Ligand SMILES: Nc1nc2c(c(=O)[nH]1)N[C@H]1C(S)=C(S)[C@@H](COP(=O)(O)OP(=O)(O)OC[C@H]3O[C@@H](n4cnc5c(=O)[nH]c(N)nc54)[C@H](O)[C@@H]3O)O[C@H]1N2
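Consider the single chain below, provided in structure tokens and representing the form predicted on its own.
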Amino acid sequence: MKTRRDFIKISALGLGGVAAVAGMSKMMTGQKVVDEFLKLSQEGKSFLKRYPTYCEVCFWKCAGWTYVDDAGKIVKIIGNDDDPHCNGRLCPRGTGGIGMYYDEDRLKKPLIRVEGSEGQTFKEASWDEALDYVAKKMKEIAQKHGPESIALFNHGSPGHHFGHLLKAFGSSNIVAPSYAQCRGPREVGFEMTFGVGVGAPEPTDIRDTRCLVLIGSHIGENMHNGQVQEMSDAIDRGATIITVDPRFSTAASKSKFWLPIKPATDMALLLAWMHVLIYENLYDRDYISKYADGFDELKEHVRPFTPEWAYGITTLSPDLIRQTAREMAAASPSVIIHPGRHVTWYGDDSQRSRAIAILNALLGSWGRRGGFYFKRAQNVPEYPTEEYPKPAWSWKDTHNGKYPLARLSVANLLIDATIPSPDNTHEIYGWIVAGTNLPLTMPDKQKLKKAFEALELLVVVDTMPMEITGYADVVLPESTYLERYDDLRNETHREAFVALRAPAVEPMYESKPAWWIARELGIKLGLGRYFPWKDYSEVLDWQLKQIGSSLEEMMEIGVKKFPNPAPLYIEDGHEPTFPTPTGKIELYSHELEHYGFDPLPVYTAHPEPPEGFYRLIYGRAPMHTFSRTANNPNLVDLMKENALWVNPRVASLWNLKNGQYVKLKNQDGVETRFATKVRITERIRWDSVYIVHGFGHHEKGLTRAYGRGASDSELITNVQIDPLMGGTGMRGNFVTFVIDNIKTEVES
């Protein structure tokens, strides 16, 4: 059935003017592309000029140098030695960032959805035409429904530029899906315990730790660069690594202890560890006495949660539970129960993160060397502009009383607010989506499609023809991070510092930087007073001069560190303050109790797989970032498609063979669009299967990624919502195998 907003494949346009760069054939892929460009850049040339940058391939944003030859071609990217995020060393994705620039599948021109003789399609447009269209629609929506009825979905650097535009327009409905889909529960869990969230990068002092506990955290596969380096050094120093995972991950292979836990039972293990620490008097008594509140209540609460109790739930032996708890205690306070990053699992994730926070408190690791340091940052002032108008309503008003502890907007609620319903007190009619591929990010695809259909305007800003572009009214091609200025990176670390991203080359094709798109659209909306600069370098130079530097200096050094005498640890004479109701670490949370939630973490049993089904576990690979890099010509040769990990016992039951292609079908009858290869391995429990996230693209404009592997996100139809902050628990989905009539080739 045709709808007002059908998915349109960008590749169906037959766009003109797409000459291959440097005379290359469009059919060249992967390493061939890289080799050809390096050859062209090196023949007869000896001069390389470097430009400072920081990576946009993942959120770690390592600072580096982009090298350009005298013909204007980018030839390499290396790390900046002064950057605390990377210490001069980039991961495969960082060095492979050059592939984003040279990818011939890039979005090249603005596109506008039109109705033609054969249905809906896109037409190429000038920037003026495309932005005029967007400005006109935004004004119409604001006139009918108010400016608040336009929302921004964003991820990464473009978000600040479009957030500034939206707030100037009169809307504060700005959301990063990563809050509800990834990290939000841990922020709430730690905030309810220590009064502050974890933040990014996590202030984990892995460099000096004696014991690192990873519970569902795959350092080494998620490639959080600085943490990977510090973990490697810690292993060399003899630190104990304890990995809790139903899969024998890369981190597990480097561990002294691997705990192959039954999925969905982590809370039982955490409570049992608390029991051992308290009832064997292994906790940091002085630290708890001085800084914590609610210990007596916690002690009584965990009394029944013995390792024997946990054994019946987790399948982990009582001896192993006791041994690992004692190992942590022996290393205290130089011990870290890692808070993880992607923690939206089963719907009780804020409470599970709170249990992790409580364990760190019992071990005295918060604010201690080898545990969690007190982070530092360099404040960078905002460029002065006129004050934003005050919105009549905000994202908080769309919650209708739900999720009282959400500190940021929740993507699934803004989607709900877009679908017409008598339950909505406020509704969204227009979206700007920048740098996030919602069809492969958001669970519950049917709800997302209903929201798409209800929208009066959907603007997509991206570098690539991701699936989200196929639903857009207007597609605006953003330049890659190698072609643009962006905001100074001033994230927290052990040192205060800033890093500069500057363009190494002019934007390719007709792509534009996000700051330029936001400014030009702002001018067309009559908001030019909020953009009193012609080039974003003016903003950066002004900001840098306020903090004792300049754009000229930063172009030479890339990263600048600033003196910050704030102590990193309690031992440095710093007496910590805890912005909680009691002013102490809250083992027993009075704030949770106030809102009607459990003041102490409670184990809840989660649904089991039906007969013939297996829990779907998904994860990361070190050479890819979600679905963002599956088409990158530098990285695709490192991993072209994902594979399905299957335990040999399960493979025998189903008569599966290594390398055999299968599709997956979930408990709701949803089947993957494409097939993937089976990998039979003892490294996964028999009750689960595992697959790397980010594959199975169905947008044909992604010529290297289209049809390669299966998409786990298609199978996530059962979502368990965290009642504290709205996090979308996505690990309650179960799959079985579809074996018959499997095509191993996809349409070209």
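One rule holds for the numbers: they count along the sequence shown, beginning at 1. This one's a predicted model, so the numbers in the text were calculated from it and none came from an experiment.
Another form exists, predicted together with this ligand; not displayed. Remarks below refer to it.
> Have a look at Ala361, Val188, Met466, Val175 for me and say which one sits with a heavy atom within 4.5 Å of this ligand in the model of the complex.
Exactly one listed residue reaches within 4.5 Å, namely Met466.
> Which listed residue (His161, Arg628, His275, Arg368) meets the criterion of a heavy atom within 4.5 Å of this ligand in the model of the complex?
Flagged contact: Arg628.
> Looking in the model of the complex, any heavy atom of Gly558 within 4.5 Å of this ligand?
Gly558: no, not in contact with this ligand in the model of the complex.
> Would you classify Glu56 as touching this ligand in the model of the complex, given a 4.5 Å non-hydrogen atom cut-off?
The answer is yes: Glu56 has a heavy atom within 4.5 Å of this ligand.
> Does any part of Met730 reach within 4.5 Å of this ligand in the model of the complex? Heavy atoms only, please.
Yes, contact at 4.5 Å.
> Indicate whether this ligand has at least one heavy atom within 4.5 Å of a heavy atom of Pro246 in the model of the complex.
Pro246: contacts this ligand in the model of the complex.
> Report the stretch among 612-620, 393-401, 542-550, 490-498 that approaches this ligand in the model of the complex to within 4.5 Å, counting heavy atoms only.
Contact criterion met by 612-620 only.
> Report whether all of Glu148, Thr418 and Leu448 sit within 4.5 Å of this ligand in the model of the complex, measuring from non-hydrogen atoms.
Not a single listed residue reaches this ligand in the model of the complex, so no.
> Heavy atoms within 4.5 Å of this ligand in the model of the complex is the criterion; list the residues of 703-731 that meet it.
Contacts from 703-731: Asp712, Ser713, Ile716, Met730, Arg731.
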